[in-house]
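In structure tokens, one chain follows: the form predicted alone.
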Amino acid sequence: MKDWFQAWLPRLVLGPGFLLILFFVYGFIIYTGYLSVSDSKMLPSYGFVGLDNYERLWQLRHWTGSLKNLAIFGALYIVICSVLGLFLAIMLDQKIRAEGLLRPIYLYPMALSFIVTGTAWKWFLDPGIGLEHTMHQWGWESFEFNWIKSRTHAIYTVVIAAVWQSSGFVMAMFLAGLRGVDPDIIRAAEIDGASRVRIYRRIIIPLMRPVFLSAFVVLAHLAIKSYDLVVALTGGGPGKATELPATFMYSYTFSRNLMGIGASSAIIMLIMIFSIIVPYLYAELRADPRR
């Protein structure tokens, strides 16, 4: 009896959570996939229309515009976070005295919700009450920074807010990678006369390729599903200048009452995420045959 209980205890503990995930995650993914091929509008409907919603989706200028915005936002977000996170990690890796104080300062923004980040940066970037207004009060009348009101520059304000929130988390990933490098390799390079810059460029950074890949997967996933930051910061505007696929999906599903098209956009976003995560998991499992 005791052996039976010990064998089944892990299953009894993990079973309810597994069933809940199976229903509320994968079950609703399947349901969304069905809605994407139905004639659903304000409410779910079960008339099958095939790929008509997908065809209509790709004919919408708002959808293609949201993908262009995602390309700009995602590329800048991933590159800047990676570069800045690596730079901060290298600086902290010099074993400075204030590391214990600086690490939580850099990590703190990640503890905030994207709604809080978006609201705070909206106040800071608003020309009427934020940075521009403050500079004018200090006597710098010619100072202008009205990107948040500009159709051509508003998407970059989303990048600024997102980088501010996520770069500390990326720094922590890179710092863990730096601390995991074999010190004997570094010591051997120093004995051979290699400079510190050369050691980082030729030895340490190439050894951190798995960390770069992990950071890319995390940041790309966050970029694709970005919704609350955009809603709090710009509301998708001005116009549709900062609309992303996630805000498009919500708008068409719940505001425009075109649930079929909204569901089809959600499935395409899911495919985007799968196209990033599945190769990553394959590479990880292939690198470690024991898994």
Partner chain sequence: MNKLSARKFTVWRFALYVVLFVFAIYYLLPLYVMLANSFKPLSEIRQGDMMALPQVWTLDPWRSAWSTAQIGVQATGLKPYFYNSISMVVPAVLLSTLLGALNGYVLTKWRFRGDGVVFGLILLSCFIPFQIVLIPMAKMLGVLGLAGTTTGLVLVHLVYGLGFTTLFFRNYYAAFPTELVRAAQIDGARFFRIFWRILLPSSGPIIVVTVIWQFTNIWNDFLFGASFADADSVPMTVALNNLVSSSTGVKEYNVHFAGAVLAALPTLIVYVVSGRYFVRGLMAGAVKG
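From a predicted model like this one, the values you see are computed outputs, not experimental measurements. Residue numbers count along the first chain shown, from 1. Just so we're on the same page, rigid core means the largest C-alpha set that superposes within 1.5 Å between forms.
What comes next is about the form predicted together with the partner chain, which does not appear here.
Chemist: Select from the listed residues I205, A220, L84, I155 the one whose heavy atoms reach within 4.5 Å of the partner chain in the predicted bound form.
Modeler: In short, L84.
Chemist: Given that the partner chain is left out here, which of W164, W147, F73, F216 has a heavy atom within 4.5 Å of it in the predicted bound form?
Modeler: Contact residue from the list: W164.
Chemist: Report yes if any heavy atom of Y227 sits within 4.5 Å of a heavy atom of the partner chain in the predicted bound form; otherwise report no.
Modeler: Yes.
Chemist: So, in the predicted bound form, is R179 in contact with the partner chain at a 4.5 angstroms heavy atom limit?
Modeler: Taking the distances in the predicted bound form, the answer for R179 is no, it never comes within 4.5 Å of the partner chain.
Chemist: Considering non-hydrogen atoms and a 4.5 Å limit, does the partner chain approach A246 in the predicted bound form?
Modeler: Output for A246 is yes: heavy atoms within 4.5 Å of the partner chain.
Chemist: Is S142 a contact residue for the partner chain in the predicted bound form, using a 4.5 Å heavy atom cut-off?
Modeler: No - in the predicted bound form, heavy atoms of S142 and the partner chain never come within 4.5 Å of each other.
Chemist: Can you tell me which residues in 86 to 100 come within 4.5 angstroms of the partner chain in the predicted bound form, by heavy atoms?
Modeler: Sequence-ordered list: F87, L88, M91, L92, Q94, K95, I96, R97, A98.
Chemist: Would you tell me if V13 moves between this form and the one not shown by 2 Å or more at its C-alpha, with the rigid core held superposed?
Modeler: Passes the 2 Å threshold, so yes.
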